[in-house]
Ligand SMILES: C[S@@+](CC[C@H](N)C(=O)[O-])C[C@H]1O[C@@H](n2cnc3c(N)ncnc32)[C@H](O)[C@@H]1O
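Shown below, as structure tokens, is a lone chain in the form predicted on its own; questions about how it binds or moves come after it.
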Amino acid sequence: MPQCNLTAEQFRRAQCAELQAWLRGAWDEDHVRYELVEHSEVLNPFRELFGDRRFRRGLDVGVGPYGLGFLGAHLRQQIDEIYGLDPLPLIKVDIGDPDLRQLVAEIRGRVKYIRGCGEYIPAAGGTFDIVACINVVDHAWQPSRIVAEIGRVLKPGGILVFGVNTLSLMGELAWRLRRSLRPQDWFFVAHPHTFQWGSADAMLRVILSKCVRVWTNKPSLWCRIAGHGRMSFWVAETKQ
């Protein structure tokens, strides 16, 4: 199950650890390229469900301080306005490759960066036609509140693209043991929450219960018991 909500100090430490990692990677071309292609595996099921549907407004919750995110990197040609929300400050991406630098500048130019937390999305209800939140809630202050906020700002008929790292039962036990031995390690500080597929799916029910179509790469029973950690995805369309 996910951890309890963090204290203000725990969240501050998690965000400091995250920021240092992003700053270290901002000059590394391979790291930036990885950020641009990461999580692209969810595009195939997205295309199968929705094809080249156009969207007026999109929101990337936890867009990352490079200002790239999932929507900007992969769906910017289909979205008129893209907003990126993140608690960290937008940082400079200082890379030498001119083609890569141009691509980064193009994406950043399309994403309107808003500094803030997903627990309090600064938008009216029913604002966005598509919301992405990938590799975010295990780093967050209140994961379930982020999901509730996403459900609030999604329009009827809106699309959710959600992803989170999930552990098997045995994997979570091993994680907790390692964390108890090295609680100050960056990885444990920056990832204060853990999820198994079932706990993540249960958290998403506040949105999924209102959906007409849902796709997820649900792991097998064996993988949920003893498999490796993996990125689990949900793609869903809310009722009109």
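The first residue of the sequence shown is number 1, and the count goes up from there. Values in this document were obtained by computation on a predicted structure and should not be read as measured data.
Absent from the display: the form predicted in complex with the ligand. The rest refers to it.
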### Query
Could you tell me if R57 has a non-hydrogen atom within 4.5 Å of the ligand in the predicted bound form?
no
### Task
Would you check, heavy atoms only and a 4.5 Å threshold, whether I79 touches the ligand in the predicted bound form?
no
### Message
in the predicted bound form, is there a heavy atom of the ligand that lies within 4.5 Å of any heavy atom of W141, even though the partner is absent here?
### Response
yes
### Query
Any of the heavy atoms of P87 lying within 4.5 Å of the ligand in the predicted bound form?
yes
### Message
I need to confirm a contact call. Of V104, I95, C117, V153, which residue comes within 4.5 Å of the ligand in the predicted bound form, counting heavy atoms only?
### Response
C117
### Message
Please tell me whether the candidate spot formed by G125, E149 and G157 is one where all three residues come within 4.5 Å of the ligand in the predicted bound form (heavy atoms).
### Response
no
#### Entry: Residue stretch of 169 to 177, 202 to 210, 35 to 43, 49 to 57 approaching the ligand in the predicted bound form, non-hydrogen atom distance within 4.5 Å
35 to 43
#### Entry: Stretch 54 to 70: residues contacting the ligand in the predicted bound form, 4.5 Å heavy atom cut-off
V61, G62, V63, G64, P65
